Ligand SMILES: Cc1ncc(COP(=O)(O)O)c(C=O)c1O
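First, one chain by itself: the form predicted alone, in structure tokens.
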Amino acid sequence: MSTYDFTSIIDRHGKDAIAVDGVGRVPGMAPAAPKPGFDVIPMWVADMNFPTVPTIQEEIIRRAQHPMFGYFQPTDEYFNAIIDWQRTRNGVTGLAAEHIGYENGVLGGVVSALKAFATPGDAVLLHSPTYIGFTHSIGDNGYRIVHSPLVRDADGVWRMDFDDMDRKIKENNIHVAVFCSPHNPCGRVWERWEIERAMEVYRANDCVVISDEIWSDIILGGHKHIPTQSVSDDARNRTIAFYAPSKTFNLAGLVGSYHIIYSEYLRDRVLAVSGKTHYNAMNVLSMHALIGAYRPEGHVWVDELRAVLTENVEYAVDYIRSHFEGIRVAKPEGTYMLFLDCTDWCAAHGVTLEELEKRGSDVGVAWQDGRQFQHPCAIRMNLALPKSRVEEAMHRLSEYVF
């Protein structure tokens, strides 16, 4: 029996939710609007359709009842909440307030770190499939993305190709790599040995590592997140890591991420970039949202969320594998996103990816074009909805699409 509500279907229309209000209105990004008679099942942009933990609202309301919202500094309570969360959830030791800094979103932090250690025109290593936010933020700032493709092993599990990483780094004179852990969109929760091997490649080539760990709380089944900085002393001092309560607790509209940087040198360089613009400033309500999220109730809420998402993933993956022959899907170990490889199905049925996507969006299954993630024929699918909505989506796909 859950303490919190993960079953209610909540109407988000008119409540500042691009997930529903953006459908049919953001060409090139959002899915097309459905045909009459079908409501939207939002399965594209990566936010959740669950009410967040009430302590967040309580904390924001408590602060909002005071009538002044002037200049402020992050409080000890803010830093202590992060330190406690990282210790409890990820086994992190030795983390102090000086290692933590606010970021206007993880992507903003990634760009600041890149500007500190690379010049526009420089190559940056990423794994592909690649999160679309990386593609835009890195490419739009003038850096040249070099992809090292993840490879599916005999069991269908996405793996890093360490030899390819090493070769690409050397060939392109790369000194900054962006690492995604857990991986979006493939849903891999890297094992310790995998992170160790990757960090050895980065160390041997003298690469600064920018590690996006925004999904680190959303781990499925029996998997465990290993912080990149925890695998060795070198990794601790080579890595700029980014975290956020926004993905975990559905707070993207509030904006509020943070970095963990142990190396004083790396920290000084990143702060030199992010601080001098004066744009990287926290909202006071975002600070209180994080404090509310990281309370004991937040721990319970996340544990229940993970169980709900694990059940949704098990159901959806089993359904797809048994009903949609030719669609390949690797069961994600973290995140709430499925990445459907549609290559074989499209070829067998003479249907283009655009046509397949339109079939889904026509019946309200608002899913996302996987080509945006550097895959030639794939669809990304969000499962952070009440299970009844996931079941409805699968039934519509079965009846009208596949």
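Residue numbers run from 1 along the displayed sequence. What you see is a predicted model; the values in this text were computed from it and never measured.
What follows is about the form predicted together with the named molecule, which we do not show.
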Query raised in the report: Do residue 131 and the named molecule come within 4.5 Å of each other in the predicted bound form, heavy atoms counted?
Result: yes
Report task. Answer for residue 217 alone: is it within 4.5 Å of the named molecule in the predicted bound form, judged on heavy atom distances? Result -> no
Query raised in the report: Is there a heavy atom of residue 312 lying 4.5 Å or less from a heavy atom of the named molecule in the predicted bound form?
Result: no
Requested in this report: Using the partner position in the predicted bound form, report whether residue 188 sits within 4.5 Å of the named molecule, counting heavy atoms only.
Outcome: no
Requested in this report: Look at the candidate spot formed by 105, 180 and 184 and say whether the named molecule comes within 4.5 Å of a heavy atom in all three of them in the predicted bound form.
Outcome: yes
Report summary line: Among 259, 247, 288, 127, just one has a heavy atom within 4.5 Å of the named molecule in the predicted bound form, namely 247
Requested in this report: With the named molecule left out of view, choose which of 353, 46, 363, 60 has a non-hydrogen atom within 4.5 angstroms of it in the predicted bound form.
Outcome: 46
Query raised in the report: Which single stretch, out of 221 to 229, 150 to 158, 131 to 139, 268 to 276, brings residue heavy atoms within 4.5 Å of the named molecule in the predicted bound form?
Result: 131 to 139
